[in-house]
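The form predicted on its own is given below as one chain in structure tokens.
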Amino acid sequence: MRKIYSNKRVILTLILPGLLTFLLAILAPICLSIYYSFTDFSGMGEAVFNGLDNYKAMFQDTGFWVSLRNSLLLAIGFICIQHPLALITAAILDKMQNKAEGFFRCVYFIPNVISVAVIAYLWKFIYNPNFGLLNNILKLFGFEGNVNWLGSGSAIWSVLVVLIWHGFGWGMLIYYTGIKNIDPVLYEAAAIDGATGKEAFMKITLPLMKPVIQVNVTMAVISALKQMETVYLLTNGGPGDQTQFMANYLYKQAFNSFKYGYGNTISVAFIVICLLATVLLNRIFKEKDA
């Protein structure tokens, strides 16, 4: 067996499929996207090189900055609201140790199993200003009038609620798996020393969960930047550009406005922002470890 795996042809045969997949499905599209970002290509005809014109237009584009702001707001919502709640929920589920643990684990994960289209239209009915569930609940508490939750002013916050709720299950499941991998002997030793549940969580769970938190937070930031499907079906960026997110704005520019070159410019900016966010988060967690 050692002789087989030391053969260079065998090694090349094993790594070639993965290498070709990376080159053709990931690296080549990225390189093409960078190339088209310097053209005024509309998706048809010839791509004419226009230098940095697309990048200059992007920096002056109000819609782009609104979409970036909304994506960053969602990232903050994920980090500051969704993930702390997901981590606490996972810790509580871990302590149940009975059938309720499996039941609630499934309940929290159900939104991630349901189709995005179903989720979007479900929340459209909940937010409906005329017969929506949310307005009817408010009327029970004496609030009069029909609030247009997806209208001007409250639209972005309503969309953020849906996105944070929808992604809760994934975050909770990853934290739950991480907590399950912590040696229970540590908690038993802490209990013998008189540590409370809160102290055990702060002194044992959180420190040992740092690698999981780092991965989860990084994925949350990238997910916030590439958020599209739910937004597209819920508001399609409206009213105006109030609920526009980067991925949805990229799609509209490239395929609705036929500005394929400009859409690729936004995609290059998206890649750069994702890389910067990943590097920044890695440095933050390294400094905390140090």
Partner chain sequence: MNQVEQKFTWKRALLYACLLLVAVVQIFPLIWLVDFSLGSSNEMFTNGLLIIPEKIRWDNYVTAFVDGHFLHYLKNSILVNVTAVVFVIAISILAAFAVTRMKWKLQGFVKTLLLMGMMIPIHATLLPNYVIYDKLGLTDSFWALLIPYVAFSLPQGLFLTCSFMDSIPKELEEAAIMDGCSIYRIIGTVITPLMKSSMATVAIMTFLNNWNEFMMASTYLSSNKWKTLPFSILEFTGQYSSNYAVQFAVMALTAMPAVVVYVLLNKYITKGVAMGAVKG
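Residue numbers count along the first chain shown, from 1. Small disclaimer: the values here were computed from a predicted structure and weren't measured.
Beyond the structure shown, there is the form predicted in complex with its partner chain, which is absent from this document and is the topic of what follows.
key: Any non-hydrogen atom of residue 201 within 4.5 angstroms of its partner chain in the model of the complex   = No - in the model of the complex, heavy atoms of residue 201 and its partner chain never come within 4.5 Å of each other.
message = Can you work out whether residue 255 and its partner chain are in contact in the model of the complex, taking contact to mean some heavy atom pair no more than 4.5 Å apart?
response = Yes, residue 255 is a contact residue.
ask   = Is residue 183 close to its partner chain in the model of the complex, meaning a heavy atom pair under 4.5 Å apart or at it?
value = Answer no; every heavy atom of residue 183 is more than 4.5 Å from its partner chain in the model of the complex.
message = Considering non-hydrogen atoms and a 4.5 Å limit, does its partner chain approach residue 26 in the model of the complex?
response = Yes, contact at 4.5 Å.
key: Residues from 216 to 236 in contact with its partner chain (non-hydrogen atom within 4.5 Å) in the model of the complex   = The stretch 216 to 236, when checked against its partner chain in the model of the complex, contributes 226, 228, 229, 232, 233 at the 4.5 Å heavy-atom cut-off.
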